[in-house]
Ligand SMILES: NC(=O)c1ccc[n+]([C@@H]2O[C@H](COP(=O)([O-])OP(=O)(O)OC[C@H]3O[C@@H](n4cnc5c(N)ncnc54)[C@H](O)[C@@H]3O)[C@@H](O)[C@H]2O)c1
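Listed next as structure tokens is one chain, alone, in the form predicted on its own.
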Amino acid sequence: MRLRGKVAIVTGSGSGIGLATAELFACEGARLVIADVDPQLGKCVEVGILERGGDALFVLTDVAREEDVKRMAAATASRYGKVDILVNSAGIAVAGNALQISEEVWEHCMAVNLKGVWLCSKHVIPLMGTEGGGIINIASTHPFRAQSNYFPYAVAKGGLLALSSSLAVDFGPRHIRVNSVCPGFIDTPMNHELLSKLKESPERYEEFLAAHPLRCLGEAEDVAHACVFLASDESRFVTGATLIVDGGRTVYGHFFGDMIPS
């Protein structure tokens, strides 16, 4: 088991990439803190891991609220005494261009997708011991290839890449590694509506797949496996890195930005 004995916090682990990461971490021997804003989903994940013989604790957490993050960090310290891995996976998709979105929508997007990562890092880093630890931030390919009408989301994820680099430099001397994983279009509940619209036209859907050199969509487990590598000792000399998990979309000349319904 590649994560045996390690304590990991995974935010947004009630569904999607966070869920797949938490479950794979548990399979690899990690003890899990399930941090999610949805009490039913979070508790379900905790129970599932426990029933399979793992060790998990659910803590209701809105990462945009510092008091929630403090409580989550305190509950982790009380249960496990330390943290080895933090996966910042909690996020929301926000559509619209710079003229369409309101100030409230902008602030909510930044609060969850960017400020929440800072708050979790701020309160979890002190729980990482002298041996250090690892932080994995789930970003996006949007900062590399902009998609129309996803202005606030792309900005937040671009800021997240800068945040990751800054943390890697500041806390590297404490043996804390900070890396980003940038998923492309992954088949998760967050993307279910968009994917359903694309599949209404078989020709459009095939063209969408053709924008990926691998000719397929990614699944949450694909991102989770990347997170396991960055959380394990196999990546002990990797920090400040950006790992793109997108089926080759970012490097391909054929762009599908206008194919996706707004």
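These numbers were taken from a predicted model, which means no experiment stands behind them. One rule holds for the numbers: they count along the sequence shown, beginning at 1.
The discussion below concerns the form predicted in complex with the ligand, not included here.
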item	value
In the model of the complex, the one of Glu234, Asp38, Glu193, Glu207 near the ligand [non-hydrogen atom within 4.5 angstroms]	Asp38
Contact assignment for the ligand in the model of the complex, among Ile101, Ile92, Ala168, Ile125, heavy atom within 4.5 Å	Ile92
4.5 angstroms heavy atom contact with the ligand in the model of the complex for Asp62	yes
Non-hydrogen atom contact Ser164 with the ligand in the model of the complex at 4.5 angstroms	no
Non-hydrogen atom contact Ile176 with the ligand in the model of the complex at 4.5 angstroms	no
In the model of the complex, Val87 touching the ligand (heavy atom, 4.5 Å)	no
Residue stretch of 226 to 234, 199 to 207, 24 to 32, 54 to 62 approaching the ligand in the model of the complex, non-hydrogen atom distance within 4.5 Å	54 to 62
Sequence-ordered list of residues in 135 to 158 near the ligand in the model of the complex, where near means a heavy atom within 4.5 Å	Ile138, Ala139, Ser140, Tyr153, Lys157
